[in-house]
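Below you will find one chain, with nothing else, as structure tokens; this is the form predicted on its own, and questions on how it binds or moves follow later.
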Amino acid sequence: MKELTLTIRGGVDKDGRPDHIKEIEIHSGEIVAIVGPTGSGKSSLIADIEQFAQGDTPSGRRILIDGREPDLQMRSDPRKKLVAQVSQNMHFLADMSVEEFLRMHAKSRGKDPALAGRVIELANTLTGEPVRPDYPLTILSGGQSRALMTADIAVISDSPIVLIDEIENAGIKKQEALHLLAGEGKIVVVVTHDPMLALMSSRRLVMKNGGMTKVISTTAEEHRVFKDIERVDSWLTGLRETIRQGEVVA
């Protein structure tokens, strides 16, 4: 995948005051977290990125690709879209099986339909609920749907930018999901309240009152804290699976 740079140029907060952060660049393979209290403007910021805002949204921000304004096709043509999004609320309405959907998507992207098997294999590493090729899309749980879409974005989608909106309670292995996407050379921007997701990112962009207030680079000490949280999270994941399987917690 061709490397690229996503640039966010500052606009204004909810009161019309200029963003403290005038510009931030995010590069291929990087995970950046967007953090802040509820109502701070996190979702508005990823909406700016998703539509490649050019000063035409309430924030007045501008989004550049490799330092240039995206052309009109890149902003409006779904076939030229550079952005894929994974959110908490993902459900399928299509009346087809998992394998049929993935093979159709691969063909539409000009890729080998046999990649469907790889997507399903990866999806099953991200969720404790198995995803089978013959499952109808409409019966998938939220966790299965998000695991499938994350694997699909990693393997089949050409979108080099992935926006993830609060997947901490989404029923998938969040750390593995972020590493999978970043490992494919994609820019990953994740909105989160989860300390583990925030600290596994290289930087976190802090939002307040609709404005970008500061950028914090993850420190060595924070990385050590992340390792402690990771161990606790692994224990909780195992405990959750024990209970899911109807076993007794020892």
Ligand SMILES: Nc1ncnc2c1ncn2[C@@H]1O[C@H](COP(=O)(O)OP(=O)(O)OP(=O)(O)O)[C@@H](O)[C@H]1O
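None of the values given here were measured: they were computed from a predicted structure. When you see a residue number, it is the position in the sequence shown, counting from 1.
Absent from the display: the form predicted together with the named molecule. The rest refers to it.
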- Of 203, 214, 193, 223, the only residue with a heavy atom within 4.5 Å of the named molecule in the model of the complex is 193
- Please name which of the stretches 39-47, 179-187, 62-70, 23-31 has residues with heavy atoms lying within 4.5 Å of the named molecule in the model of the complex. 39-47
- Look up in the model of the complex whether residue 233 has a non-hydrogen atom within 4.5 angstroms of the named molecule, and give yes or no. no
- Task: Look up in the model of the complex whether residue 14 has a non-hydrogen atom within 4.5 angstroms of the named molecule, and give yes or no.
- Result: yes
- Message: Please determine whether residue 55 contacts the named molecule in the model of the complex, using a 4.5 Å cut-off between heavy atoms.
- Response: no
- Item | residue 166 within 4.5 Å of the named molecule in the model of the complex, heavy atoms | yes
- Interface residues of 210-227 toward the named molecule, as seen in the model of the complex [heavy atoms, 4.5 Å]: 210
